[in-house]
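Coming up is one lone chain in structure tokens, specifically the form predicted alone.
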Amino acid sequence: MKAVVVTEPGDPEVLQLVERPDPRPAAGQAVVRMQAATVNPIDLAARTGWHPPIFEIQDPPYVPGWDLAGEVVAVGAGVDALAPGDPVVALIPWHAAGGRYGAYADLVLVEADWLVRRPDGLDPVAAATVPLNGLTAHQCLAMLDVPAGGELLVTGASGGVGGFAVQLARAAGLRVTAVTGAGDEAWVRGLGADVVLGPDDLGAAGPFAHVLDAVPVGEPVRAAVAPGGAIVETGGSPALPAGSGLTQRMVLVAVDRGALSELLDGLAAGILRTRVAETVPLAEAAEAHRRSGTRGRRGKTVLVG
């Protein structure tokens, strides 16, 4: 099999395509032929050697990649719900796996409990954009628990997490104010946002009792949180000072097969929307990282097998 490995922390050039023995599934595992694997900001961070301390990632070499869409080629003992040829999608909990698993390979060894069936007719490239970003958005909204008819502020609304959050919040009957960059206003309105603001408008917005900082913006967005309000952040922001009166929570995405199946069904039915900027062959993962790291990109870069 071919896999893209991080040989050492650094620039995109540290991503190297290598030959490795084909994986064999143990009990409870499956091997999936990768058809699509999304390049996410957290993959770029992992390549440079940055990991949250709780990840306990081993030193390189390791294979990046949280999002996987593909086809089952083999299953281990006790895996009765899947068979070779089944189209599947997975969130690989890369932090929990310590970097031992990753989607940047043509054959990917996974725990069968991470896999869900891909809906008939759903393109694997589109499907691969859902697990990490869609589940993160879903779990952020669950943390905020906004009452029916309530109002939510979402930053980074044109991005992967923010875009799904806008759509899920509107489907739940919430009123959404969305912050996005120049040129993405029409896309975010199309996702259902009630009010669309630019980053420079954030200081005058609110106050909001519930805020999802999906970028995360950090300190500037906190001024928009109402006294006693709650903010959920996707990581990288400092803790609020003692006595702020605000509730702050960080999300660390977890595998949720039921929610992932619902998200994929929504995408297949046209209820949810996603954006793909381009597809790049697995062998050109370094170039894919280089492009993904540029500002102003709209949509995901997806590696294809």
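The first residue of the sequence shown is number 1, and the count goes up from there. These numbers were taken from a predicted model, which means no experiment stands behind them.
There is another form of the same protein, the form predicted together with a small molecule; it is not shown, and what comes next is about it.
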So if I measure heavy atom distances to the small molecule in the predicted complex, which of the stretches 108-116, 68-76, 125-133, 81-89 falls within 4.5 Å? 125-133
Listed residue that, although the small molecule is not shown, lies within 4.5 Å of it in the predicted complex (heavy atoms), from 179, 221, 193, 165: 179
Does the small molecule get within 4.5 angstroms of any non-hydrogen atom of residue 31 in the predicted complex? no
Just checking whether residue 93 would be counted as a contact of the small molecule in the predicted complex - the rule being heavy atoms within 4.5 angstroms. no
So, in the predicted complex, is residue 41 in contact with the small molecule at a 4.5 angstroms heavy atom limit? yes
is_contact(residue 251, the small molecule) in the predicted complex, heavy atom dist at most 4.5 Å: yes
